[in-house]
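Shown here is one chain on its own, the form predicted alone, set out as structure tokens.
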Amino acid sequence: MTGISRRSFFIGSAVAGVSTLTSAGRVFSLDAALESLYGPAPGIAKLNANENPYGPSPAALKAMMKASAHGAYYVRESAQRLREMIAERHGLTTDHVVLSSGSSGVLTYLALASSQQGAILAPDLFWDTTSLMGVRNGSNGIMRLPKSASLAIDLQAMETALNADISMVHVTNPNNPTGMVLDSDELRAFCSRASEKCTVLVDEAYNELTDDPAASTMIPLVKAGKNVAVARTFSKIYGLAGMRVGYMIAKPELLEKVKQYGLGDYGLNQAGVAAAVASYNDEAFLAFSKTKIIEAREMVSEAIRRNGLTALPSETNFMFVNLGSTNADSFRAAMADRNVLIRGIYRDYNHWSRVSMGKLEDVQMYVDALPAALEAAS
């Protein structure tokens, strides 16, 4: 290093976002153009991926800086430490926990394993990316429930649909893209009964954002020995989407089916795991993020009300907005013209639009652009 220490470089890069690195006589300037390789360009409101732009937390940034200096080594002890922390919180052993690159890894692996045995039963509308990847190479597919007028997951209909051809039930709670959360007691009773017939997967990517995370989780069913798997991620409230750390909690024999397709700790990176360890018990940062997300939801709720629209009740960092007669893809394009990135059509829900809660100034851009975008898309 010439003119700048490694430590000051990393601190400057992580916190300020702009620095200069001199290495072997060459100078690399981290200007705005290079910054946009890692996130939205200046002036762009990125509200399309359910990310938490307030992360990583200060503690996570410090941990990543330290861990990156040891990036020459494969992840080992740090991953074990993270498993220990997760297991300890829930009164389980570490063989009840498997880590992966985001929760996408474990979700896909379990879907792949299950599709070898039968079909996956799921709602008509859910975050189906991993299930679709899982069934791609199997002889069984996804059996979707009929559409629900309320767009809520119909647990009674799901239980009625269970038969010998179903190997796994997939429930996302809160659901994505709807943002709605299921009644905890009803879901717990359903999972307990359904797990007697097949594996039950509950994707809890947004659990920490719910009004009562402890009541909403189905992890106690794992502790009770049920055939239930729960997936979690550090990509959402923890603000670590780009660091790719997630996990699944289930009984060890079920996790063996997942592990046969995964890379184990070799699929992880030192900085990401370090950030997860530093973030896991960072209650101050989680509370800060949740407060900002709720404030953003209130801003969006008021804006859509003023513009004659409605949205589904959400306990997540996104909202599913009913555009009435406006096409969601047209609305997305109109918003993009105004530097606001949101999601368009999901499946054939042509008039529903998902918007994520980002930084408040970015959410304000959505609010300000809403009237003109609706008019342009109509």
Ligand SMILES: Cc1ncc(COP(=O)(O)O)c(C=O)c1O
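Residue indices: 1-based, along the sequence shown. In this text, all values refer to a predicted model and were calculated from it rather than measured experimentally.
One more form of this protein, predicted in complex with the ligand, exists but is not displayed; see below.
J.: Of these, H96, R297, R188, K236, which has a heavy atom no more than 4.5 Å from the ligand in the model of the complex?
T.: It is K236 that has a heavy atom within 4.5 Å of the partner.
J.: If the cut-off is 4.5 angstroms on heavy atoms, which of these, W127, Y280, F288, Y261, is the one near the ligand in the model of the complex?
T.: None of the other options qualify; the answer is W127.
J.: At 4.5 Å between heavy atoms, is L107 in contact with the ligand in the model of the complex?
T.: Yes, contact at 4.5 Å.
J.: G118 versus the ligand, in the model of the complex: is there a non-hydrogen atom within 4.5 Å?
T.: So G118 does not count as contacting the ligand.
J.: Any chance G102 has a heavy atom within 4.5 Å of the ligand in the model of the complex?
T.: Yes - in the model of the complex, heavy atoms of G102 and the ligand come within 4.5 Å of each other.
J.: Do N207 and the ligand come within 4.5 Å of each other in the model of the complex, heavy atoms counted?
T.: Because no heavy atom of N207 falls inside 4.5 Å of the ligand in the model of the complex, the answer is no.
J.: Counting any heavy atom within 4.5 Å as contact, can you tell me which stretch out of 301-309, 227-235, 88-96, 252-260 lines the ligand in the model of the complex?
T.: In the other structure, the partner sits against 227-235.
J.: Any chance T172, N176 and R244 all have a heavy atom within 4.5 Å of the ligand in the model of the complex?
T.: Judged in the model of the complex, T172, N176 and R244 all sit within 4.5 Å of the ligand.
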